[in-house]
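The chain that follows stands alone, in the form predicted on its own, written as C-alpha cells.
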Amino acid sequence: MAKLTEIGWKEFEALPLEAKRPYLERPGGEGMPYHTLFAQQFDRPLLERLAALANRIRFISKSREGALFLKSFLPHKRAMLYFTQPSSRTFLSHLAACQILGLTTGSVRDTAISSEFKGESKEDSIRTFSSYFDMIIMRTPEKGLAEKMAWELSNSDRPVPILNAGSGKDQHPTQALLDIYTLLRSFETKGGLRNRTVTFCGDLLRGRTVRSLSYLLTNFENIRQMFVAPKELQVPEDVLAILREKNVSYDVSNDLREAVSTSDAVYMTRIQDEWDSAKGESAKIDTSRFKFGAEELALLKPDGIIMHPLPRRDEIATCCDHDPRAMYWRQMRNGMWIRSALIATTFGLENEILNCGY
C-alpha cells in the first residue's frame, strides 16, 4: 500500500485527487481513510459501509445502556477541533460525534487567543496540537492546509489523522458524507439512490459543499445533476469536466421552477459573500429567482426532498419548514451520526461496532 512517508510533499501535492487516495488509507482498513481530506477518497462501497455503520451507531445509542457502551470505545483518545473559520453546526456536529464515542475534546476557534496571534505559523500550531491529541478535526479558510498537514504529520514522529471539516473554497468532505447519507435514508424505501435527478441551486461557484456532493453522486447509478444559478455564480467548469469524464448527465440552467418540477432532490445554498473580493460584490447580483418558497414547493414531487447545508438566509422560505419533504433539519442530525461512523472507522472500530451484541 502507498504511504505518505514514501513520497515528497511537492510530488504528492501535484497528484490528481483520485491518485492521492491510496496514500491516505488506513492500514488494514480495506480502503477506509486514515486522513479524510476530499470527496474523491470515497467510492460507493465505502459510502455504503459508512452509512451502515452510522445506522448501527444511531440504533445502539437509543438506549442508555447502548449510549454508555458506545462511549466505552474511545475514552482513551483525544480529538482537537481546530476551527479557524466561523462555524457552529459543523463544529457542534463533530463535537457531538466525538462525544458519542467517548473522546475527550479540545478546541481552538479564534486564532486571536492562540499563539498564531504572536506570529506562530498555522503549521507549527497544528504540529503542536498533534503532541496532545490523537486526531485533529480542522476547518480553515486556507485552501490545501488540511492536505499539507496530513503529509507533515504522517512524516513526523507522532502521526495523527486529519479530518477536513472544510478547506477554503475547494472541499468539505464530511458535509458531502452527511448529504449522501441523507439521500440514502430518504430514498431507501422508495427505490434507492438511483435513477434520480438532483438539482443544486444558489452560489454554485463558491459552494464547496456542492463541489464535494456533486462528485460523490457520480458513484451512484443514473443520477442526473442540474445546476441552477445566476450566471455570475454558476457551477465552475472543473466540476462539469468531472461529470463529462464520468459520463454523468447534467444541465446548467437559470430556471429553478422548471428544475424543481423534474427533481427528486433540490439542494439549496446561500450566497457565500464572505468570499467576495470587494465588499458588497454579491449584493449586486440578482438572486430573486433562485429562492424556494410555496410556489416551488407545490411543483416538487410528492416524494421529493429539499436539502440545505445551512445556515440559510432567505433562499428557503420558512413556510416550507414543516412540510415532510423538508429534509434540512434531519440532514443536520444525520451529520452527527455519519461523522461518528467516520471517526470510528478512522480508529479501526467498524467491525467491533457492527458485530457487537446490541
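Please read all numbers here as calculations on a predicted model, not as lab measurements. All residue numbers are counted from 1 along the displayed sequence.
There is another form of this protein, the form predicted in complex with a small molecule, and it is not shown here; the text below is about that form.
When you look in the predicted complex, the only residue of Lys143, Arg109, Lys122, Arg270 with a non-hydrogen atom within 4.5 Å of the small molecule is Arg270. Checking Thr287, Gln225, Thr209, Ser186 for any heavy atom within 4.5 Å of the small molecule in the predicted complex turns up a single hit: Thr209.
Contact between Thr90 and the small molecule in the predicted complex is found at the 4.5 Å heavy atom cutoff.
Although the partner is absent from this view, Gln175 contacts the small molecule in the predicted complex, with a non-hydrogen atom inside 4.5 angstroms. Using a 4.5 Å cutoff between non-hydrogen atoms, Pro324 does not count as a contact of the small molecule in the predicted complex. When contacts are judged by a 4.5 Å heavy atom cut-off, Pro311 counts as touching the small molecule in the predicted complex.
Shown alone, this chain has one stretch from 82 to 90, 98 to 106, 225 to 233, 150 to 158 that lies within 4.5 Å of the small molecule in the predicted complex by heavy atoms: 82 to 90.
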